[in-house]
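Heads up, the chain below is alone and in the form predicted on its own; it's given as structure tokens.
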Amino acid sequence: MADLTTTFLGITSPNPFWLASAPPTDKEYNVRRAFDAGWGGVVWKTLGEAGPPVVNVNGPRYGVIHGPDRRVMGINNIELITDRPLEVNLEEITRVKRDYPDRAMIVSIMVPCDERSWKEILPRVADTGADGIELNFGCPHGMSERGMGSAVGQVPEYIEMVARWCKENYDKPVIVKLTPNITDIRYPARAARAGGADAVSLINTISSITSVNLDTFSPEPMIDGKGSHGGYCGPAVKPIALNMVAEIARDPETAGLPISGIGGVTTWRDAVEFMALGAGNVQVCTAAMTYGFKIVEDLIRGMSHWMDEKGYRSTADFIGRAVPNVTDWQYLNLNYVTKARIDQDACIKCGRCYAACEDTSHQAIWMHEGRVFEVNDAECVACNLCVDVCPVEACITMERLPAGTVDPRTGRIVSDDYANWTTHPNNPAARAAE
């Protein structure tokens, strides 16, 4: 049987599923319910410095993008860090860690970008017995206007500086949470490593406006006729998160730096994809907010079943397995040729593949009498659009062709050495020269 026990930065948890720093981890009540449901760890919602309390809005805090059947594809969040007193949070963290010693407890922190503020809060967090801290350098709204959150995460020199302060004043693991609101994620990751950080977590939310109310002409969520940009998360951001995780995992300057993957993890498959790209564990928020804490049961069951099927005994067996297969475009094999194939028995004759290809792609699908669709290999460039738009799973697939394959209907070579494109018979310029 697969063992989901995961060790990340020396912190052992019964499974790799942690709750991210967010509304679900804002108080003792929630976190106890999460641990009772089976979550392997939590990152406590971001704490700020002692002093004047953070004041959140009392109107709507979330906007949403819905997919089919009102499925939540993404949530826009304008909520700030915890608005509960620091002392109360610290007392609750202490109790929860005491009562759940086998679960990972990480505390997210955001204070002003000066050494004194960090030196003051770090000993208080250490006294809770928490397993480590996560530096919130990613929040794109509210706090960033005050010189914190993504305002720090967008400046590699600040990341390195604050990480170094924390390593000098805290003796447990330091994780740096990175903002995606940056051109190249490798630079902040390199800065985190240079500052001595033990790991990075990513991605934090993406700065966004999800919609505009066309009656009031204000962004949603709306507060008294006004709206603001917020942080976008959920399934829609997963492709962005996967790419950024992979970029850090394969960068020679950050290779080996532990990564906690965040961004749209909703199913066990999502989690495995993050981990295959180098994440040692994953953090979840939107899925828990949408379906409740018991979704972790599906995550655990699904990953366990998949690992048993594949023969993996532990998560270490597949972490990072996909990283060597991520490359730059210029290294892709241009001699690898596939063509679309339509299963006529499975086809429901909807014509989506034909319309998409004829109108927007390469005119590589013929429509015969009776709405029978056939691929014209000579024109098919294997773009995969027909596969993507087909509503019937596996009705259209891609078949690899051996080099030198000739289409008997046209007499044209449909699979050959495209490295010699200037003289290739399928090259219109070469055909014209003949």
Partner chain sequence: MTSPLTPGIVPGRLPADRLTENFDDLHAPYDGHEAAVAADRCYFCHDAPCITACPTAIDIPLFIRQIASGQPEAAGHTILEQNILGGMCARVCPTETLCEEACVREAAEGAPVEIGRLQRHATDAVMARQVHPFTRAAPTGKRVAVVGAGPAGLACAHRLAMQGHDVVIHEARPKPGGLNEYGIAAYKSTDDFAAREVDWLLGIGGITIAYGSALGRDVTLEGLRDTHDAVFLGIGLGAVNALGAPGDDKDGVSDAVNFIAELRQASDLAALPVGRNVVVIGGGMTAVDAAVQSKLLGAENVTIAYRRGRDRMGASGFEQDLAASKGVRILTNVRPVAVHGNGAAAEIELEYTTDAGGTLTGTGETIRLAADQVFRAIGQALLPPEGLALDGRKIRVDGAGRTSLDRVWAGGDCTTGEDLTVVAVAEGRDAAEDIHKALMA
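Bear in mind the structure is a predicted one, so any value in this text is a computation, not a measurement. Numbering follows the first chain given and starts at 1.
The following text describes the form predicted together with its partner chain, which does not appear among the structures shown.
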Might residue 88 be said to contact its partner chain in the predicted complex, defining contact as any heavy atom within 4.5 Å?
-> no
Its partner chain contact in the predicted complex: residue 301, any heavy atom under 4.5 Å: no
**Prompt:** Does residue 371 reach its partner chain in the predicted complex if we count a contact as any heavy atom within 4.5 Å?
**Reply:** yes
Does any part of residue 391 reach within 4.5 Å of its partner chain in the predicted complex? Heavy atoms only, please. yes
Which of 245-253, 89-97, 344-352, 151-159 lies within 4.5 Å of its partner chain in the predicted complex, heavy atoms considered? The stretch 344-352
With the partner omitted here, the residue among 367, 406, 381, 57 that in the predicted complex has a heavy atom within 4.5 Å of its partner chain is 367
